[in-house]
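Here you get one chain, nothing else, as structure tokens; it is the form predicted alone.
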């Protein structure tokens, strides 16, 4: 395929709005190619979008669907010769997820959290999502084996367990949610700070976070730890956020990337002593990121309208249900973690919601380096992902922000800095925040750019960047980004002007990390005992088998990379 004459934004390769042709051969970007041509003359061209944090598969997503029959009706789309039936808005079904991302020019999305024990379900749903390449982050923050290794200060065994857990779940990276809080929640409690003790294990959240970060770097995983702070969603929690970030300043990255990625930062940038004096601390958080380079974040942007909150932070969702008098679901995953689901509606005239909306924009606009902050809505917690064009329009246009501020609760003007912010992002910023940045943060070397050998994932939009002013023409920006002129996935034209033309299966990324055989053997003896004594299933029925992933993309790490061997990881698989 040849894409002719587009105005290309590819920041990873130093291309900032150049008119050029793109060539795709064998599903990858090439120096030349033969084949059909697409006319993109004068149109905006970027790599396919990458969503690094979204809740798109697994039991909590299915729980949300069950709890929201009303939501199912909101997003109904009939089937056609290409598309299967679609339902849902905040919690769309698998087919709708793939089609809707592709319509916006996105080609990759990662599920943000799955317990190992539920990973088969997660992969069954990922398999059903068409078009997108995807992966899933594995939960480790309240896992019994993790807590014991941290208590015993056995980093080698902890690294072996992380490697085994990623292989067992076919997971991509280490997700930590309210570390220690999921285990405490099994006893009706929570951890309130970095140095609270987790019941029955005599460890603290600080020890859990630091130990998992070090184990992550021992294994040389492509992605850093992916962290959901303690005290998330509570007034005054910005102090916990900064204290936790400081904790990790001394950890050395094993790759050219961050040491920690912070999930949905907006929900941890809160000031005040309670909801009555609740205020933004977005400026304080942005200032921290401007002064330090060991961390990155995604926004977790809140938009007005319906949402379905879901997280492995069970205590948080219980608190949400009581605060909002809303229906609530909670799950406890044996020795691994907890979760909760609460549907809600964000209101423009609700002071808390209006301030939350402003904080997300503050974080993006006040963090000077766009490579440190990527765009998400923590789908479907802050808003469904189909609203990304709205967020982009707000970031690119101060007049649009002023129009919106005039419609929201007046406390936005006194308790946030948003009304004073003049910055308007440009297309380079947007390409970084939605393409190059997420790919770099995840460690996806073939995504987020258009250099030779990159995946042939390209988005072409009905916008002429040389002719429009996004500040003034923000409505055009929003409309164009909602329906790409062309979405090309791996060299295949999958969408045109919002119509899905083809629905090929995507690949699933997971990480196979090797460890020393002695550590693997120590671990397996412990795991066999745990499964015999505590788990409801046998270890032989626990791991995700290859049959669950039709199109795998396996990333090697650990000893397999350092020493060119894969002996130990496959020994773990044989033992299991």
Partner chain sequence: MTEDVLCTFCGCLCDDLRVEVADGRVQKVRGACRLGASKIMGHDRIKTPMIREDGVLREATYDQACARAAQILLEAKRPVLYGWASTSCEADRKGILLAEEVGGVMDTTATVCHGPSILGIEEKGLAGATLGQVKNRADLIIFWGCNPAEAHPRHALRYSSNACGRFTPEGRSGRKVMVVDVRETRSAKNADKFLRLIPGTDYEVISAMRMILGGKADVVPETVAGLPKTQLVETVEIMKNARFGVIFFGLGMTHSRGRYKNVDNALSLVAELNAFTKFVVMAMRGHYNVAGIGQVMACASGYPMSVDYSRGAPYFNPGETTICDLLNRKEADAALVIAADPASNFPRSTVEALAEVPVIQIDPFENPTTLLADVVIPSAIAGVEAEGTAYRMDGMCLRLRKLVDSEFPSDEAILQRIIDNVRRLRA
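Every value quoted in this text rests on a predicted model; they were computed, and no experiment measured them. Residue numbers count along the first chain shown, from 1.
One more form of this protein should be noted, the form predicted in complex with its partner chain, which is absent from this view; the next part is about it.
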| query | finding |
| --- | --- |
| Region of this chain that lies against its partner chain in the predicted bound form, out of 237-245, 198-206, 376-384, 261-269 [heavy atom, 4.5 Å] | 198-206 |
| Of 426, 445, 128, 279, the one that lies within 4.5 Å of its partner chain in the predicted bound form (heavy atoms) | 128 |
| The single option of 294, 496, 84, 398 touching its partner chain in the predicted bound form, heavy atom within 4.5 Å | 84 |
| Touches its partner chain in the predicted bound form: residue 288 (any heavy atom, 4.5 Å) | no |
| Proximity of residue 76 to its partner chain in the predicted bound form, heavy atoms at 4.5 Å | yes |
| Partner proximity in the predicted bound form: residue 101 to its partner chain, non-hydrogen atom cutoff 4.5 Å | no |
| Contact of residue 541 with its partner chain in the predicted bound form (heavy atom, 4.5 Å) | yes |
| Residues from 164-191 in contact with its partner chain (non-hydrogen atom within 4.5 Å) in the predicted bound form | 183, 185, 186, 187, 188 |
